[in-house]
Ligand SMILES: Cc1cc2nc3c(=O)[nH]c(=O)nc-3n(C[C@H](O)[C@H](O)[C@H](O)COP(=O)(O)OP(=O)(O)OC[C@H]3O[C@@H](n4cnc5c(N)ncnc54)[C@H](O)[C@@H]3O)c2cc1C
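Here you get one chain, nothing else, as structure tokens; it is the form predicted alone.
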Amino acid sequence: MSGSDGERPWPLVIVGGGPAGMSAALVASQNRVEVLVLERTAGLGGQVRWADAPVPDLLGGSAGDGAELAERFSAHLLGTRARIRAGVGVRAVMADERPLRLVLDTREELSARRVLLATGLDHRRLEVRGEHLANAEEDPRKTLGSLRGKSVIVVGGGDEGASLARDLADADATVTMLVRDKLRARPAFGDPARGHPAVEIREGAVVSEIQGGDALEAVVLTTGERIRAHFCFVRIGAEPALPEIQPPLERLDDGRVRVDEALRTSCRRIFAAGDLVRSPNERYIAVALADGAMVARKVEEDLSAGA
């Protein structure tokens, strides 16, 4: 073994610093389980930071946006005994070794008796030619003034796409929503977009290509129709983000990690929690927090039993 975190195995290594990972670290550290959190980005928060609109549905924890809520969570965790390393990603987990071996992006190696995968989701890509011309992950709400009077395409018909379309239209952009099937956003998000005079919703519109040179010129549909626009934002959901696991963990048909009631994966020493295991209608911050707390207690039970 090598690395600044010592030779002995960590009782618990948490891969991912979103709500599930932070919750697990909080509960584990309070119960005197030594825990290391590895977060690939520069700060804790995970997908909470994607929420660039108010977060009203977390009891006692409503916030102006996800970044504000993430900072609250982070401040709480930083006051505990949990060891946190941000800006460090995990390349692979050797699930057939005892103790478990983790290979980091830095090529450092760590070992752990238990691992919690709480890596959440990555933005789903369209996988079409020219997708690099679309602003897949940027937050246009931070620069709404620059979009005034511009034509903007939003690809996607979920909550995030509908919410963004409404906000862009409120900022005097002309918005076209391209929705593969039907608008599926919940009424709180879909109705304002559907009723906005500056938002056109094109259901049954499938993107085949994004065209342009140094900048976006047009989005092309499978029908051959070419829609010109100044900007395009892709909001078509997300997919599980996992490091390489050897041997691979069992997965469900939709890509989620298969777990039992205790959130154990097909390798019983590896747990998974949060959006990695939850269906879209279960992806709430409150659910992720509960998942993390439950895993922490299960790990505590395992370690106490000498398992």
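Don't overthink the numbering: it's just position in the shown sequence, from 1. Everything numeric here is computed off the predicted structure, so don't read it as measured data.
One more form of this protein, predicted together with the ligand, exists but is not displayed; see below.
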Stretch from 169-177, 106-114, 193-201, 85-93 whose residues place a heavy atom within 4.5 Å of the ligand in the predicted bound form: 85-93
Distance check, Asp57 to the ligand in the predicted bound form, heavy atom within 4.5 Å: yes
The ligand contact at Leu121 in the predicted bound form, heavy atom, 4.5 Å: yes
Partner contact for Ala24 in the predicted bound form: the ligand, 4.5 angstroms, heavy atom: no
Exercise: Val299 in contact with the ligand in the predicted bound form, heavy atom 4.5 Å: no
Residues of 238-269 having any heavy atom within 4.5 Å of the ligand in the predicted bound form, listed in sequence order: Ala241, Pro243
